[in-house]
Ligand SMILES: Nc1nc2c(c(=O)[nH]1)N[C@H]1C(S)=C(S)[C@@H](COP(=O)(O)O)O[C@H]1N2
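Given next, in C-alpha cells, is a single chain: the form predicted on its own.
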Amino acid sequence: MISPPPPPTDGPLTLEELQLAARNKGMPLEALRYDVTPVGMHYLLVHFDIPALEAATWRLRVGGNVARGLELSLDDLRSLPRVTMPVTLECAGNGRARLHPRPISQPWLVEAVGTAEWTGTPLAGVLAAAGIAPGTVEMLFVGADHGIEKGHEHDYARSLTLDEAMRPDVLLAYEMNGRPLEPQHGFPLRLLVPGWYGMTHVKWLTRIDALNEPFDGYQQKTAYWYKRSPDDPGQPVTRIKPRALLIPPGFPDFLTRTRTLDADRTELRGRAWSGGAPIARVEVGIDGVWTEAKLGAALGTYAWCSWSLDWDATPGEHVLSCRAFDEAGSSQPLEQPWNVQGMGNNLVQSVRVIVR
C-alpha cells in the first residue's frame, strides 16, 4: 500500500524526524577549517540499514544491454587504473529544517556536507570493458540497502544518462581519505558522481545495468524532485547549487549555539562550493551590509574553496551571513526556495554573535 507523505508543518520536530536525526549526522561547522573533512566528521545519510557486506564474497555485476556481462571482485577493481580526487558532497535535503512550513523528512539545517579525497577507478573503463550496446540510454546503479519508503519496497537505486555516466571523472570508489570505505560510507564500493547531490552517489554498489529506456524506480521518479505542489510535474534534482558557509567565530552557547567573542579585528573564514560551475565570489553580510570576501584556490574541480574577510568586531549583537556566486551566474537566495520535498534549500546562512 502506497503511503502519502505527511503534510508540511510549522510545529515541533516529530518523533520520526528525531529518529532520523539520531541515525544520520551532519558535519560540525567548525570542521570547515579542514581542507579535507576527517572521515568521522563527514556528513552521513543512510536511507535504510547499513548492509553487512564482506569484501571476500562481494561482487559487482555489470549487465543489461551490454555485449559482455561482468562480475568483478574488489581486487579486480583495485587492479584497474586508479584515480584520487577531492570532491565535495552535499545532501539534496540540506537546509530542509529551515523551511516554513517544514517538509517532514531528515531534518537537516546546513551541516549535510563534507569534502573527502576519494579513490577508485573510472566508471567509463568498466563500461567499455562490458561493451555498451546500441540503444542504451541510461545506466542503472543498484545498492545493497533495501527498505520501504512511502509504501514502495525497493533496493536503493538511481540512474544516469549514458553521457553522464561516461564522464571521465565519475568513479567507482573504494577508498575515502586514503583508507577503505567505512561501512556507513558504502563499503566496499560506491558510485561517485562529482558535482551532483548525494542521492546520486549510490553506496554499497552491487549491480550496474545498461538500460534501453529511462529508469522509473522510486528514488528516480518519485523522490528527489523540485515541486511547488504535489501535482506539480516539477524538475529533477541534479547538480549541487552554490552555497557558502561560515566557520562560526568565537565560542558557542551550548543550547542556542549563539557565538560570543571579544571586540577586536577578527578574520571570518569559511568554504564555498557549487556543482554547476566554479565559485566566482563570496559576499559576507554584517548586519545586512554585504562585502566581497577574499577567495582561496579551490581544492579541486569539484571541491570547495576557502574564503576570508577581516572584520572589526564592535561590541553588541550582530548577525553574520555569507552567500556564494558561481561562474554560471547562480547564487544563493535571500528568501527561502520552498518545495514539497525540501530539496536544494541553499538559503544564505546566518550566525548570531555577541561581541563583548
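Here the structure is a predicted model, which is why all the values come from computation and not from measurement. In case it trips you up, residue 1 is the first one in the sequence shown, and so on.
We do not show the form predicted together with this ligand, though everything after this point is about it.
A residue is said to contact a partner when one of its heavy atoms sits within 4.5 Å of a partner heavy atom; Pro249 fails this definition for this ligand in the predicted bound form, lying far away. Though the partner is left out of this view, Lys203 does reach within 4.5 Å of this ligand in the predicted bound form, counting heavy atoms only. Contact annotation for Leu89: at least one heavy atom lies within 4.5 Å of this ligand in the predicted bound form. In the predicted bound form, this ligand sits beyond 4.5 Å of every heavy atom of Glu111.
With the partner omitted here, the residue from Leu44, Val62, Leu320, Ala31 that has a non-hydrogen atom within 4.5 angstroms of this ligand in the predicted bound form is Leu44.
Distance criterion of 4.5 Å from any heavy atom to this ligand in the predicted bound form singles out Arg190 from the list Arg207, Arg259, Arg190, Arg102. Look at 270 to 278, 143 to 151, 77 to 85, 129 to 137: in the predicted bound form, residues with non-hydrogen atoms within 4.5 angstroms of this ligand sit in 143 to 151. Contact with this ligand in the predicted bound form holds for all three of Tyr156, His185 and Gly198, each having a heavy atom within 4.5 Å.
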